[in-house]
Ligand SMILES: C[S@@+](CC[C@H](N)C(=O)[O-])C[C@H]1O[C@@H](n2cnc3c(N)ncnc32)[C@H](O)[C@@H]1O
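What follows is one chain in structure tokens, specifically the form predicted on its own.
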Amino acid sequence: MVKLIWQNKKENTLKSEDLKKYIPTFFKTFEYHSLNDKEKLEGFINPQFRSNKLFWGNNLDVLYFLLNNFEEKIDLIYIDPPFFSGTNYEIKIKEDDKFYDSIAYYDHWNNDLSSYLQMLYERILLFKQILSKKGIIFVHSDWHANHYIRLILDEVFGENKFVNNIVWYYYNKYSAGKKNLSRAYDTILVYSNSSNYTFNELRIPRKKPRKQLMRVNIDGVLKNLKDKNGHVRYRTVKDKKLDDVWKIPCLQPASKEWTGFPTQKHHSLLERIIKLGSNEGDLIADFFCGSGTTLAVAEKLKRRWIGCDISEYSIYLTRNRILDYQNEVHKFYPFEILTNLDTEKSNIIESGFFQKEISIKRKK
């Protein structure tokens, strides 16, 4: 196996039982949304998991914290981390008829690739520990660093645990590049935690029915199926088996799902991922949850979920999306929001920030 080495690489050699002693912070619930007298999802309540969880804080701290009760418990992890793009994503906030600028998230590393790789490596090591035996992980990246990330995943999970290299082709993204071809796809690397992982066959509809040769397996070789007169047989198909190139558009501002959060991913992309790698009642996690698309889709598909982000704007958007959906369909499963209460976070909570009417737009 090829191992990737970078400057000051720190390998985590502690066993999981030792890591639990190094929990750097304590997370406390500051907001809880319960069932009360509202309708619940039948068969969805799990006594070992009484509420979905949204963490506001550093995801490395959250991962250490989760080792206490969630080692080998999470069935699917999707992450859309910083891409090493060299850009900090700015947003424009409107609050009480006042406008101000802020940062949604930081992705400027001052060309320090080593720091970026160390950040991801430390988290991927912990992802492996909290994934269940049937667990699977989807790591979203683009051309900036996906070649490095695959080597890290090979090292942590093993080359034999590689499942797929999914290409998300977004055909509707504008590109102003003049000295290169338009970069019109991202990469989603998929690894399993064992050979017995959840992976459901999905079929996608065709634009129109298609006549297709019928095939038969003879001694391990696919051959055309023929009738008794030696004529090949056909069938009409309306769908096809999902492959590893996904043609899904970028989310546009006209969509009702649009939040204004930079790099928000299309809900259809996350729906496909969650259906592919999990079943109803499974536990889904996203530790760079951004605007909360993964968690909102998990809620709709009757999966349990854990989310995390360091930005208060991310927590604000995710909270509201979950509540809006629950109020729309009148199906409720409790969720709580947790954080490590320092002075800054306490002041934000006490100001009523999460109950305010705030609009967020990406700053051009």
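Note that residue numbering begins at 1 and tracks the sequence as displayed. Keep in mind it's a predicted model, so treat the numbers as computed, not measured.
What comes next is about the form predicted in complex with the named molecule, which does not appear here.
Peer 1: Please check if N58 has a heavy atom lying within 4.5 Å of any heavy atom of the named molecule in the predicted bound form.
Peer 2: The answer is yes: N58 has a heavy atom within 4.5 Å of the named molecule.
Peer 1: Check whether C289 has any heavy atom within 4.5 Å of a heavy atom of the named molecule in the predicted bound form, and answer yes or no.
Peer 2: Answer yes; at least one heavy atom of C289 falls within 4.5 Å of the named molecule in the predicted bound form.
Peer 1: For W168, is any heavy atom within 4.5 Å of the named molecule in the predicted bound form, or not?
Peer 2: No, W168 stays farther than 4.5 Å from the named molecule in the predicted bound form.
Peer 1: Is S314 near the named molecule? Define near as a heavy atom within 4.5 Å, in the predicted bound form.
Peer 2: S314: yes, in contact with the named molecule in the predicted bound form.
Peer 1: Pick from S132, S192, T263, S278: which residue has any heavy atom within 4.5 angstroms of the named molecule in the predicted bound form?
Peer 2: None of the others qualify; the residue that does is T263.
Peer 1: Though the named molecule is not shown, can you say which of R210, K92, R123, R215 has a heavy atom within 4.5 Å of it in the predicted bound form?
Peer 2: Selected residue: R123.
Peer 1: Choose one stretch from 26-34, 325-333, 291-299, 65-73: the one whose residues place a heavy atom within 4.5 angstroms of the named molecule in the predicted bound form.
Peer 2: It is 291-299 that comes within 4.5 Å of the partner.
Peer 1: Going by the named molecule in the predicted bound form, which residues of 307-324 come within 4.5 Å of it through any heavy atom?
Peer 2: The stretch touches the partner through C308, D309, I310, S311, S314.
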